[in-house]
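Only one chain comes next, encoded as structure tokens, the form predicted alone.
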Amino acid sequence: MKLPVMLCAAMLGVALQVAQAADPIVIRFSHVVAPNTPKGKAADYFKRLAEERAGGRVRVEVYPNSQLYKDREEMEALQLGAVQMLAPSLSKFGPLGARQFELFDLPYIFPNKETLHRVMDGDIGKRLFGLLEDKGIRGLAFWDNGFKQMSANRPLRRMEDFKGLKMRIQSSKVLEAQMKALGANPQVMAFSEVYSALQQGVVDGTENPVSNLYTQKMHEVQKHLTLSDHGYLGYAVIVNRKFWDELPADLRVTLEEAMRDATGYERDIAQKENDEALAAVRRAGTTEVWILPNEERRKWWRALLPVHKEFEEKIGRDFIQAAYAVAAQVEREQGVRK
């Protein structure tokens, strides 16, 4: 018995709809660091949580080590929809027009991690993410890497030691001013190019959390490391806003919960990874590690504090003062606990 043509067509249409509905939504998650960094591990952890909890409705494809895009290119790729999720360093939002994110680049703005996380997770963080909406970007979470340390092929024990050095930085006017205040010549360069630039002497040194220094093998081409904790390197996990808004509401909730748990995981391991990386650098014996004494640290702080004032107008005095207020509150609470 032959079925009517219209019935066959209808049945075929239903079958195609079922097949299409069964296809998972693909989230391409691109980042520029190694898989064994805190960010790399957290991206993989988010993938596992999201896929498990979404029950096959989502497939997260993680592309580490600039496999798809270098850090200069990835933001445009997100806005165009070529990738759906990124975790760029916070310095990347200044060139995008959200100069307020350069708050995180200010030297010695965060005296401890508790202050940092209250800034990220509170009103300041919400306001910062709100600035990205009209750029087609939705902010989901802040991830840690850690406090930054200075490295070079000569000892960096005093401020005078920076004079004339070519120091690689991310694209940030604040970081340019920071290096100039120390007497160095800032050189903007993509993260994926730093190792070869250090190896070939194109630049003399750089600043990084130790986990980046170690996983990118920079300790093999840097003879000296100064533990200065002068700045912070963190990330914002962001998505293409149009893509995110078009997801089914229940699926967004599932992914937000997975991101929340991945964020807790990432922050838990970030300090541990940096401590382990520092121990590995010391074992390698290729880099002399110097802990900046408190007296010299105060000199660095005094020299770098004018950078805060210089960028009040561009970052926003209200943002800077709000961060100071959080730091003061944390200090008062710690004093009471003591």
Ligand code: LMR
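Everything numeric here is computed off the predicted structure, so don't read it as measured data. Numbers for residues come from their place in the sequence shown, where the first is 1.
What comes next is about the form predicted in complex with (2S)-2-hydroxybutanedioic acid (LMR), which does not appear here.
With respect to (2S)-2-hydroxybutanedioic acid (LMR) in the predicted bound form, the three residues Val32, Gln170 and Phe191 uniformly fall within 4.5 angstroms at the level of their nearest heavy atom. Residue heavy atoms within 4.5 Å of (2S)-2-hydroxybutanedioic acid (LMR) in the predicted bound form occur in exactly one stretch of 303-311, 32-40, 57-65, 276-284, and that stretch is 32-40. Checking Ala141, Val203, Leu233, Met179 against (2S)-2-hydroxybutanedioic acid (LMR) in the predicted bound form, a heavy atom within 4.5 Å turns up for just one residue: Leu233. Though (2S)-2-hydroxybutanedioic acid (LMR) is absent from this view, in the predicted bound form it lies within 4.5 Å of a heavy atom of just one residue from Lys166, Arg99, His224, Lys92, which is Lys92. In the predicted bound form, no heavy atom of Ser151 sits within 4.5 Å of (2S)-2-hydroxybutanedioic acid (LMR). Residues Phe191, Asn208, Asn212 are the ones in 181-216 with at least one heavy atom within 4.5 Å of (2S)-2-hydroxybutanedioic acid (LMR) in the predicted bound form, listed in sequence order.
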